[in-house]
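Quick setup: one chain, the form predicted alone, written in C-alpha cells, and binding and motion questions come after.
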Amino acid sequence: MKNKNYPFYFTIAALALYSVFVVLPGFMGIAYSFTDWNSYSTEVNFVGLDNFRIIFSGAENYTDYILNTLFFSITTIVLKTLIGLGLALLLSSGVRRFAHLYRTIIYLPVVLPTIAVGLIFRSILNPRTGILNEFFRAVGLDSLAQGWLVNPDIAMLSIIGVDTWKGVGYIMVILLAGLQTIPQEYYEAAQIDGASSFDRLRFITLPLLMPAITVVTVLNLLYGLRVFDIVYVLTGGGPGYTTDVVFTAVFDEFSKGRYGVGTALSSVLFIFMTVISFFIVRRLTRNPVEA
C-alpha cells in the first residue's frame, strides 16, 4: 500500500493545545526564574541571575539537592537496567514454565500507585515496628536492623531500593520486547561456531538490544531527575536534608512563597535533563546496529 502524507493542518489542534498547556508555561517558568516573584509582594521585578547565584552560592543546600537528584538518577538507572536485563534474559530463555505468571508478578508493582507503595514501605521500614526489622530480630540478626529511613547514611539508599523494586518490571518489559526482535538465527549460527553464552551476550544480544537500552536509559533519566512523590512520602526529604531532591526543594520553595527561586531550580533541572539526555542518546546511538 502506498504511503500517504497527511496535510500538516491535521496537527494544528494538537499543537495548539500542546503549546498552550506545555510550551507556554515552560517559557513563562523560565522567565519568572529571573524575577523576585514571591507571595509577599504584588510586584514582580527583574533580578537577573540573582536566583541562580542563590542556588549555586552554597549558602543554602541547593547544590546538595542537585547532587542528591543526580545520585538517585544514576543509581536507579544502573540498578533498574541491570536487574531488568537479567530478568528479561531469564524469562526469554531460561524460564519457560509459568513465564507469563512470572512476568505478571514482576510487573505488578509498576501499576501500584506510588503514594500507596510509599506508605506501605514506610511502615515496613519503620525502625521500631517495621516488619523488616522485626524479622531480623526474630531470626537473631539484630545487627541488620537499621533505621532505614531515619539514618542519614542509608536513607537515600532505602529510597533507591524501594523505587527500583517498583520500577524494574517496566524496564524488564521494554527489554524483553527488544530481545524478542532479535532473530534466533544469529544465536544458532554463533553456537555452531562455538561461541560461548557470554560471547553471544556480548556480540549479539547487547549490540542488537542497544535501541531498547537507549529508550530505558532516557526514560529512567527523565524519571529520576523529576522524582518527587516516592521521596516525599517515604522521608519528606529527611532526615535533615539528606534525601531532598530538586523537586522536593521546589515544593518547599513554593510552600514558602519564594516562587522565583523555585522556578529557577526547575529551570536548572530542565537544562540538566536536556543536556544529559542529548549526550546519552548521542552516545548510545552513535553506532547503530542494523539487523
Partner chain sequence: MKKLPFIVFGLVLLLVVGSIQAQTSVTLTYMASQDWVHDAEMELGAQFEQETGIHIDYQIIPSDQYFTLLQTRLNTGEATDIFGGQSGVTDLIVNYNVEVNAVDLTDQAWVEQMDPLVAAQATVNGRVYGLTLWNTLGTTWVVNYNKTIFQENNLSVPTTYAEFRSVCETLLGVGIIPLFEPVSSGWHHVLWFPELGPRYEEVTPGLAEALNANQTTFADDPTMLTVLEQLNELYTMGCFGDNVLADTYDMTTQALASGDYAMSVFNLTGPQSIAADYPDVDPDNFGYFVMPLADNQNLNVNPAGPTKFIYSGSEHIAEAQQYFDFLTRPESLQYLIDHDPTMPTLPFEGLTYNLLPSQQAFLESFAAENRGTVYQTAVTYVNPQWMDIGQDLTAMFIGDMEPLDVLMSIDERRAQMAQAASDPAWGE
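Positions refer to the first chain, counted from 1. Everything quoted here is computed from the prediction, not taken from an experiment.
Omitted here: the form predicted together with its partner chain. The next part is about that form.
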item	value
4.5 Å heavy atom contact, residue 53 to its partner chain in the predicted complex	no
In the predicted complex, residue 150 touching its partner chain (heavy atom, 4.5 Å)	yes
Partner contact for residue 241 in the predicted complex: its partner chain, 4.5 angstroms, heavy atom	yes
Partner contact for residue 35 in the predicted complex: its partner chain, 4.5 angstroms, heavy atom	no
Partner contacts in the predicted complex for 102-139 (non-hydrogen atom within 4.5 angstroms of its partner chain)	122, 126, 127, 128
